[in-house]
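Before any questions on how it binds or moves, here is one chain, the form predicted alone, in structure tokens.
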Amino acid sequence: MSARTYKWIGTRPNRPDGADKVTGRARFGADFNMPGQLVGKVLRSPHAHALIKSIDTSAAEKLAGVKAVVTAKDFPEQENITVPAGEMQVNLRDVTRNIMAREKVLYDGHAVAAVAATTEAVAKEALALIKVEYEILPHVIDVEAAMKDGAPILHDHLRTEGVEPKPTKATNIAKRIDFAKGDVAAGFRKAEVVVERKFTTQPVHQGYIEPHAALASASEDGQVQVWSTTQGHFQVRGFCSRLLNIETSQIRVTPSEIGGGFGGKTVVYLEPVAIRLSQKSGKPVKMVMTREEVFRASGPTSAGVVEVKIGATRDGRIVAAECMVALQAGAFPGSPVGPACMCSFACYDIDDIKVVGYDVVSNRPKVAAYRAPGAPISCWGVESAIDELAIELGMDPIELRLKNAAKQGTKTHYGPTFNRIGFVETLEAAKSSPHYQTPVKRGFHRGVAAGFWFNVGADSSAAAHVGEDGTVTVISGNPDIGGSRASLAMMAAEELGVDYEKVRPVIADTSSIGFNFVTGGSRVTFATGLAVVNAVKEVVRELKIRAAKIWEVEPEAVVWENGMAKPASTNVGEFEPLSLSQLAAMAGKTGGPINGHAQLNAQGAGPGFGVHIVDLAVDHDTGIVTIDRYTAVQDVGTAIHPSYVEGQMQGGAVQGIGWALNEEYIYNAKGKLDNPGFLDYRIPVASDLPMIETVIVEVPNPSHPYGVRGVGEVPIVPPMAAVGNAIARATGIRFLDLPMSPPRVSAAIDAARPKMAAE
């Protein structure tokens, strides 16, 4: 636990948004409406790969009730430059082609045209009237197939970055990256045991319940207002400004409540289209994706191929490690292969490491971030190999990890040297947990895996305004997707020494607060929290100045303690303490409103580590996996609001379990998605799972005044490997391909039976 004792931090007060959400008052993306609004709908490609020979919108434009039609010609060409998009990078030239196809369509569901009409029925009729002439091209879906010579090429201009000399031939491999530490060949010469395996994963969707939605209103004076469901309304403003050549000052974006994002709502799909339709029609335009559109046209995370080789001595010391990661980027470059490579061996102190990554395009929707993007994929391979190594060496899987655990002073293969981290403490907490100390039930088997995420900081702005009644409004610019409103208010209350109920957190639109980077990468409680703390410190400085004026002393003679201004010593004078409410009431006489502002580019995000334990049984006839018990252990730095922290840990674990056992995009021979809905795309439901137990470890981050480390990414990293390791122990079969769905498990068991019988 943290060494410091706090009044509010570490407690579990009511969530600020709770009442509105349980009563239905909270407004999500599709809940925003304006008088006279039109309905916007998108025409999408039925082909995985095809040239666009022509688009005829004339019949649609003549249909009664149709007020505007747009195609790619309504969006200006963009520069070939890369900009941040959440935890990943995107190219503007590619973004404009993703929101509206130009020369050709690149995946089933690619937007081709859009209409704005008086009703949804008219809009759908108009889409049917748009005539598109296609020349169908060969397509490629699989990552490895896309990398082969002779594969259908998506982009004639694409050349592999990171290769010298730079290739002259078009390819689907957008980038090659390398990380190295020590001499991996020399390291393997020391190895007495080597495990070498190849693993694969399929694309999975973030599975947010709320579809993408946007309402745009462009006025005659050029001003634009947008309401949308997003993890970053400043990101929406920035993209729309660039894609439509509108100055940022003319665009005001207000975020709605968000019904799940998990990284998938850090990019734009509908917003630029809705703005252009509004500009052309002179009316507000509302657009909401159907569930099918969400699956066919918004970003899942990557499919991946992970080749792992790990060498160790007989006493369990890992002496060398290699990893190759190839990730599917979808139709345009930009998979999370960098983070996948960075996170691969970050849990371990290994002298000799080599990691190579490939970013590969294929005829699928452009991928978007998904909780610790890339890390679960490389972890699936690495942690499965670590488990196999533990079996080969006859070691307890946690003991093997403890023997090789990264700690303060460990230099990572991707560059940084760790400061204070809590991986050892997390492993020890897992080992001593009630779950691990309990014998496994008969018929069940146990799996363990570890995971890592580096966490990020980036740009944040915040303000704190003292009301005349002594309450405080804390204003930030990050949509709340994981409890940030509560955590920011709690830090403000702690810093001011006032009751939590006296602090009101508000998420402002893009015109009401300074720039904030997206809510993603587990950055908000850390980075925006720092901005809030600094803004409140400014308020405290001002409060001390106001008290000094009242007492007619120097500000240095005033201290702030427990929500009150007090004389620094008896030498200052005999003054009664002044409370925040008293100082607020006298603000007009002492200098006017009392406010604080802060802006920063936060550095020092403390990395996070987790260890997951699962007990499960496998039905050897049906291949069905039943999870009996699951525990997530994680170093969270300081748990500002433990209930939210536990929820993050549980949610990530559940999503990882779904990724392990059922979830996958299934494409047919024509490159069309066959399961674009929750009926056929199987995410876990409550009846599939036990209660996810949590163990919170607190090793404070020294770069944050309250020790905060990001929480939300780490929990999705270990589950696939933990489940796979338990299944391997239950069946004697090391599964290499995800998902480990009942048909695949059953088929593997059936195939292994003759061999087992012979042995």
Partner chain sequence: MKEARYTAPETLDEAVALLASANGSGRVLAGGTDLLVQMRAGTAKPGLIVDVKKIPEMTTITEKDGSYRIGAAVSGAVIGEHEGLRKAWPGIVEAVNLIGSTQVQGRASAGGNLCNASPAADSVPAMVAAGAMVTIQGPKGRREIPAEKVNAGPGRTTLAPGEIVVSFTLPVRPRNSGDAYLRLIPRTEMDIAVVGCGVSLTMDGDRCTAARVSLGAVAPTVLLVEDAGKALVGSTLDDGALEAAAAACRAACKPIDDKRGTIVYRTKIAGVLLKRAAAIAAERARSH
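Small disclaimer: the values here were computed from a predicted structure and weren't measured. Numbering follows the first chain given and starts at 1.
What comes next is about the form predicted together with the partner chain, which is not displayed.
Interface residue remark: E125 is counted as part of the site for the partner chain in the predicted bound form, having a heavy atom within 4.5 Å.
Although the partner is absent here, S281 lies well away from the partner chain in the predicted bound form, with no heavy atom inside 4.5 Å.
Within 4.5 Å of some heavy atom of the partner chain in the predicted bound form lies at least one heavy atom of D674. Of the heavy atoms in N562, none are within 4.5 Å of the partner chain in the predicted bound form. Only one of E196, D619, E501, E79 lies close to the partner chain in the predicted bound form, with a heavy atom inside 4.5 Å, and it is D619. This chain lacks the partner; the member of T570, S687, T417, N245 within 4.5 angstroms of the partner chain in the predicted bound form by a non-hydrogen atom is S687.
Only one segment in the set 197-205, 622-630, 311-319, 397-405 has residues whose heavy atoms sit within 4.5 Å of the partner chain in the predicted bound form; it is 622-630.
Contacts between 658-674 and the partner chain, taken as any heavy atom within 4.5 Å in the predicted bound form, involve N662, I666, D674.
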